[in-house]
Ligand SMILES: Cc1cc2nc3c(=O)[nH]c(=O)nc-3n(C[C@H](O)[C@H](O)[C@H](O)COP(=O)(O)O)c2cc1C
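One chain comes next, on its own, written as structure tokens: the form predicted on its own.
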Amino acid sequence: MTICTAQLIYFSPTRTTQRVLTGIAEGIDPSDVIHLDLTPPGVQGRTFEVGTETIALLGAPVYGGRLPKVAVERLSRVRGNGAPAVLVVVYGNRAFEDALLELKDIAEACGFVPIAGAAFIGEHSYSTEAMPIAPGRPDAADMEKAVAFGQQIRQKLAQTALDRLPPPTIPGNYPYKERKPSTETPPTPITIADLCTLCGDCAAVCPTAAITVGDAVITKAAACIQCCACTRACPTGARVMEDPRILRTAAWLYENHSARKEPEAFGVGSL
């Protein structure tokens, strides 16, 4: 198969998944690269089409061993039209569990033909200087593996016709890991008023439009997905996550899942 275009399709609030897909595309080395960013709230409800002679790179973060619900909703509205698809999830150094399998099922339901998958590591959304969880990931070594993964995909497509490629074996379980139900008010980042300049950067990066900025910063708890994009984007450090439930989870992750994990690939050689 001649790869004319690589279309990067991703939900990536903190840009981590986007970075990994960009590295993979570098290894594939197509004639053109197109980005379809499903993160902004303005894409909600819209349908997208993937063109011919295109390889699609589908990517999303892992939240508690699953794909975020909002990512599922947006990815499910992309029509694959038989395009080969590379599936990528990025997790915060604990485990990706059923997320990659879930992404494979979504891709197939949308008309893509999955040919390979991978799980990469990104700095956890709850990571802080006091409790770093995969800090700086994906790092230079991760990005080298992303490029190498892309090169393996290019070689695979050059050697075998798409209709003869066996589907990749993707780990995971049916039924998927159950999402934790909660009757409590969801935890959200807060704004330290003395540090806030009302610049609006937090609202600009929120994937669900949960934040509004006027005379103060207001967060709609029901819409917040705890991605912490707003805390990363705040130029003054005014936006912080201090909810005790999140801090307990962050402490547990720091204590039990700080040992470095490496990316894994499926459907190609090892990374």
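Numbering starts at 1 and runs along the sequence shown. It should be emphasised that the depicted structure is a prediction, and the values quoted were computed from it without experimental measurement.
Same protein, other form: the form predicted together with the ligand, not shown, and the subject of what follows.
Contact with the ligand, judged by heavy atoms within 4.5 Å in the model of the complex, is confined among 94-102, 152-160, 74-82, 165-173 to 94-102.
If you check the ligand in the model of the complex, you find a heavy atom from every one of 14, 65 and 226 within 4.5 Å. Remark: residue 86 does not count among the residues lining the ligand in the model of the complex, judged by a heavy atom distance of 4.5 Å or less. Although the partner is absent here, residue 124 lies within 4.5 Å of the ligand in the model of the complex, judged by heavy atoms. Put simply, residue 118 is far from the ligand in the model of the complex: not one heavy atom of it is within 4.5 Å.
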